[in-house]
Structure formats: C-alpha cells, structure tokens
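As a starting point, one isolated chain is supplied in structure tokens, in the form predicted on its own.
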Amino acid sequence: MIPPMTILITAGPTREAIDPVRFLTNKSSGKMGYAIAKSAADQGHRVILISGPTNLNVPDLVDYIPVESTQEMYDAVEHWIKKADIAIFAAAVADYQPANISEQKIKKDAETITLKLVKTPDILGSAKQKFGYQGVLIGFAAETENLEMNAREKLKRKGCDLIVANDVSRKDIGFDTNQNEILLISVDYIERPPKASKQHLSHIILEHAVELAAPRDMD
C-alpha cells in the first residue's frame, strides 16, 4: 500500500509585463495541470498547486498558490519544492521577458517599437541543479516539431525522471483544449497513450509519477 504523497504541480501560463497594462503570455489554459491536481487530490495526496493566471476553478482540497510572472513562479517553487515527493511542471512558462518594464503605459506615437527580451529563470532546470530537489521530477515538453527527439533531449538536459510531451501545433489537442495526445518518455521506456481527455490522461501521468516515487518512499 502506497501512502499519500505530497505532490507539487505547476500549471497555466505566466505573464511578463511590458508596461502597467500590457504583457507577454501564451495560449496555455492550465487545464492539464489542474486535471492532474484534481486527480491527485481525489486520491488523497497532498497537492501544492502553483498556478499562473487561468479561468479555471481551483480543485477542492489543494493548497493553491497563485502567481503571475515566471520569477514569481520560480520563487514559489524554490520555497515549496523540498516538501514534495513528486514535482510535476505542467506550466507553460515564458522563456523570455522584457529587459525593461515601462512605468507608464506606452503611447501609440512611433510607427514601430522594439522590445528587448532577456531569458527568464529556468524553473525546471533549477529543480535539481539549484534547489537540490531529490524527489521525482516530471517535466512537460510542448513542441511543434521533432516531438520525441526534443523531449528526450529535454529529459536529459533538465535531469527529469519523466517527460510528458505533446504537439502543440495541432488544433485538436494541446493548448486550450479538453483533449490531448501525449508521449511519456523516461530513460527506460516510452509510452504512447491514445488521444483522450486531459482528465483521463491526468490519471495515467499520476500513475507513472507514483510508481516512480514509490521505490524511493520505501527506502
């Protein structure tokens, strides 16, 4: 019998401010991360849900931590991750942010403007390398080409135990849909569940996560 675990989940997009009223973001709805959070809570696990802005209802019985920017999500993960047996990074985090944020609304004066962007903090890559996380680490790879190859490279580069990969160039799955089709890739195996609802797939992802964590929990 596997005892209840503490599971940290990131979900949703992040927003990177340009000025007081504008920001850079992406199409993530947060549905996949919230589905995993609901499944985990329903199974009796303690869930820490760190979420960017969404229009979703927060699942019952989860510890909900709302954030907006990538830096805020980074700080929240750094604070909470060592409490987790499993960390599932389902959020679609911005890779770049404006180098400078205008204190006032940018007026429509010039014909063109140029935004200088700089890299945001690497949350997934920092989990083991900077935060010293020792639990099961699961990342997501949202790709538009070379799905398996890019996912395997990310698995190795970020030090993950499992990567959940999906093709976000398709209109029928991925961002802001209720359906998804994923690859589950670890060092030892690859699994291709059939296309299904995100809620159904959340159970499959969670099953793999708990199986990976169980041997460590018994040590």
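Since we're looking at a predicted model, the values are computed, not measured. In this text, residue numbers run from 1 along the sequence as written.
From this point on, the text means the form predicted in complex with cytidine-5'-monophosphate (C5P), which you will not see here.
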property	result
Listed residue that, although cytidine-5'-monophosphate (C5P) is not shown, lies within 4.5 Å of it in the predicted complex (heavy atoms), from Lys31, Lys158, Lys38, His45	Lys158
Contact at Ile9, Ser51 and Asp75 by cytidine-5'-monophosphate (C5P) in the predicted complex, all three, heavy atom at most 4.5 Å	no
Partner proximity in the predicted complex: Asn166 to cytidine-5'-monophosphate (C5P), non-hydrogen atom cutoff 4.5 Å	no
In the predicted complex, Lys154 touching cytidine-5'-monophosphate (C5P) (heavy atom, 4.5 Å)	yes
Residue contact check: Ala94 to cytidine-5'-monophosphate (C5P) in the predicted complex, 4.5 Å heavy atom	yes
Contact of Asp122 with cytidine-5'-monophosphate (C5P) in the predicted complex (heavy atom, 4.5 Å)	yes
Stretch from 128-136, 114-122, 78-86, 98-106 whose residues place a heavy atom within 4.5 Å of cytidine-5'-monophosphate (C5P) in the predicted complex	114-122
